[in-house]
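Below you will find one chain, with nothing else, as structure tokens; this is the form predicted alone, and questions on how it binds or moves follow later.
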Amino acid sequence: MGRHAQPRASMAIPRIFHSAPLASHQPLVLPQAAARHAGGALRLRPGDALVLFDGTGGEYPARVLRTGKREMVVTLDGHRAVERESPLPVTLAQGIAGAERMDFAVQKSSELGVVAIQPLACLRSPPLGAERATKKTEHWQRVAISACEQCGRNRIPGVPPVLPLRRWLTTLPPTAAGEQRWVLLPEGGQALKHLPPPNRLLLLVGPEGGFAPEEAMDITAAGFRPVALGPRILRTETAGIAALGAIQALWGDL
């Protein structure tokens, strides 16, 4: 394996996230939602293999013991201390976009290894009331979990509550040694290949329509370096994913 290579997840064996702590060699009744998914969409039956993980690191090979109308009981084998995390911790701060585009950004950035996804309400974001913002955050967290089940990650990127962009900027601590802050802007930014390698990265992506001029000023004042991804203007759900892919190829594990 190469320097950053990690064991690959088996795509033939279904993976299920379990929010409560897991223990080796113990029978486990899956939560109803997980049981419905495993028995319905995945069509698991007694004797079938699966993998469970609880987000604290590593994973547990398991087998289905029995199934019922609304339940599934599995037995766990020994813990496998395997990780598939990138050596470069990246947090994606994503300006909220329309429903499908935001889901896409959360899903694909989780697959590309981000450690957290901060949804930001920008001046050009679709308006969200407090109750709807809470429901959206819970939904995006489920999207991130599903992406990790699919791609083999054993640690779930967190999706914190929605914050207004300008308020979020005021909460940022001073930049630590080796940490960098980049913002994707279609004009006036540097190419990724000309930037110094980061040890930790905060990547900020605007919503559909980009940042308002007053937001761009606040972002620059908060220490973000403008970054460009070439001469073409990308959609918000494309820009972040394209940048993350290039960042992982340059300094991560791709």
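Not measured: the values here are computed from a predicted model. So that there is no doubt, residue numbering starts at 1 and follows the sequence shown.
What comes next is about the form predicted in complex with a small molecule, which is not displayed.
K.L.:
Decide yes or no: are Val29, Ala38 and Glu71 jointly within 4.5 Å of the small molecule in the model of the complex, with each residue judged by its heavy atoms?
P.N.:
Result no, not one residue of the spot touches the small molecule.
K.L.:
Tell me, out of Leu76, Cys148, Leu88, Leu184, which residue has a non-hydrogen atom within 4.5 angstroms of the small molecule in the model of the complex.
P.N.:
Answer to the contact question: Leu184.
K.L.:
Tell me, which of Ala228, Leu65, Ala222, Ala216 has a heavy atom within 4.5 angstroms of the small molecule in the model of the complex?
P.N.:
Looking at the other structure, the residue within range turns out to be Ala228.
K.L.:
Counting only non-hydrogen atoms and a 4.5 angstroms cut-off, does Glu208 reach the small molecule in the model of the complex?
P.N.:
Yes, contact at 4.5 Å.
K.L.:
Could you tell me if Arg232 has a non-hydrogen atom within 4.5 Å of the small molecule in the model of the complex?
P.N.:
Arg232: contacts the small molecule in the model of the complex.
K.L.:
So, in the model of the complex, is Ala239 in contact with the small molecule at a 4.5 angstroms heavy atom limit?
P.N.:
Output for Ala239 is yes: heavy atoms within 4.5 Å of the small molecule.
K.L.:
Please name which of the stretches 39-47, 191-199, 52-60, 208-216 has residues with heavy atoms lying within 4.5 Å of the small molecule in the model of the complex.
P.N.:
Result of the contact check: 208-216.
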